[in-house]
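One chain comes next, on its own, written out as structure tokens in the form predicted alone.
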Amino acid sequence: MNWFTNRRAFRAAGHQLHDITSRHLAESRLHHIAYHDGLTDLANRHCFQERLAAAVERSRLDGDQRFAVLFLDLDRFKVVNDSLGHIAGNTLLREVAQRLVDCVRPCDLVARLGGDEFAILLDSLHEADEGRRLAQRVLETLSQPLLVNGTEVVPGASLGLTFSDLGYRTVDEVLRDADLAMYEAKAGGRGRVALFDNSMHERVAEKLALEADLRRAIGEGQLSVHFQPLYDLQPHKLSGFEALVRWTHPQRGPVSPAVFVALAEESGHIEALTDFVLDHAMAQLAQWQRSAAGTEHLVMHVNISGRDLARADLVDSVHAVLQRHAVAPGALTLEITETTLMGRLEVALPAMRRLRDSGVRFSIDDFGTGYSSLSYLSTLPIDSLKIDRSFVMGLHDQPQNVEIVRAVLMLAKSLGRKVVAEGIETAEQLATLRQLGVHVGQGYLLSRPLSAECVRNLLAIGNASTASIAA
């Protein structure tokens, strides 16, 4: 082997080492954020659920292994956020997080579940009074004022408390009852602790009534689909839409998608809901492509659930919709949340590969909120990673979020995937994402979700820049 060959081999080895180092660096960053809240550095929902699952199992095997869960929601957070601004709201959340950590025991776990919701796992309790005393201490700690941007603010909170003595078998049962107790505390005047009791299960009866209404809504035309535009960021160009289902209840009015989509998955109606959205979205895309020039490149993103991934007829169902509306498979991207995908990987992979082989694309939604091993990511049939909105929202007041986005981009580049950023709401966020090299974006700054009619108007006037038509 001559010196030139040796030099070339050395360069190749160097490039390979750099690539491996970059991947390890990206994996290390993602591993940390997978179990921590980016704003407060508390445990996040994923971490909390894992620890709580272990506590439930210990208690199930040994009744003396008692625990309690304290669920709390800040009473005045929206007022602070709306009046003093987003940065002030973040300052308040960080202060609340620190106060919670300071007033619990070393064995307890404090987590931020999202927004202004926190939870505390009180582990190794000897008696119920110990949990009640700690809950009262939390309440008193959060009733003390603090200065936010020169304004005195009293955080205040409503707390729900439940104990393992009720014989819990699952994490969801514990969180459900702690959440119900918290809402009871709010209904009682806020700033108080409510202990869960079985009478609160009347809420479950209400939930069942809503489930029955949802079942009828799917079949009676109460549902509609809106479309949030997706834009290439460099250069700025309309590239497609994400289909978003909406429900206007005859008596209740608009029902939050966060409520009824979760209810549909829990109750087994999610397959019918997904079929409705997929069929409606493909029909609209086909119509727009036929009626408006220069729209052949547009794609449609449709969310699918964990139950959808387990469907035996998923592949045939998707192919049938595409054929019925004469839409090319490459125009459809199915979005799956990271946590859902990793939790059902063995079931999901065969169907994903069959669909991917036919041209259908896949995107991992809410990327960064769960933890995907790079060994899996490198082999998954996915085309893009969608960065969770929580990282986009904190780009300017949380410098670590810039590093998170950069790590995701580094990871995506090494895997040959695109990166999509959701939740873009300010010009500063957009500028930063462009500078970092994010490929595609969506959010209220670019466009709110639009009705099908508004999309037709958008395409008719050839406006591929920021849309201002509101649904």
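So that there is no doubt, residue numbering starts at 1 and follows the sequence shown. A quick note: this is a predicted structure, and the numbers were derived from the prediction, not measured.
There is also a form predicted together with a small molecule; it is not shown, and the following applies to it.
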If we test each of 187, 205, 258, 326 for a heavy atom within 4.5 Å of the small molecule in the model of the complex, the one that passes is 258
None of 92, 314, 277, 352 but one has a heavy atom within 4.5 Å of the small molecule in the model of the complex; the exception is 277
Assert contact_stretch over 301-309, 165-173, 394-402, 210-218 against the small molecule in the model of the complex, heavy atom within 4.5 Å, equals 301-309
Is there a heavy atom of residue 38 no more than 4.5 Å from a heavy atom of the small molecule in the model of the complex? no
Contact test in the model of the complex: residue 437 vs the small molecule, heavy atoms, 4.5 Å: no
| message | Please tell me whether any heavy atom belonging to residue 242 falls inside 4.5 Å of a heavy atom of the small molecule, as the geometry stands in the model of the complex. | response | yes
- Query: residue 333 near the small molecule in the model of the complex, any heavy atom under 4.5 Å?
  - Reply: no
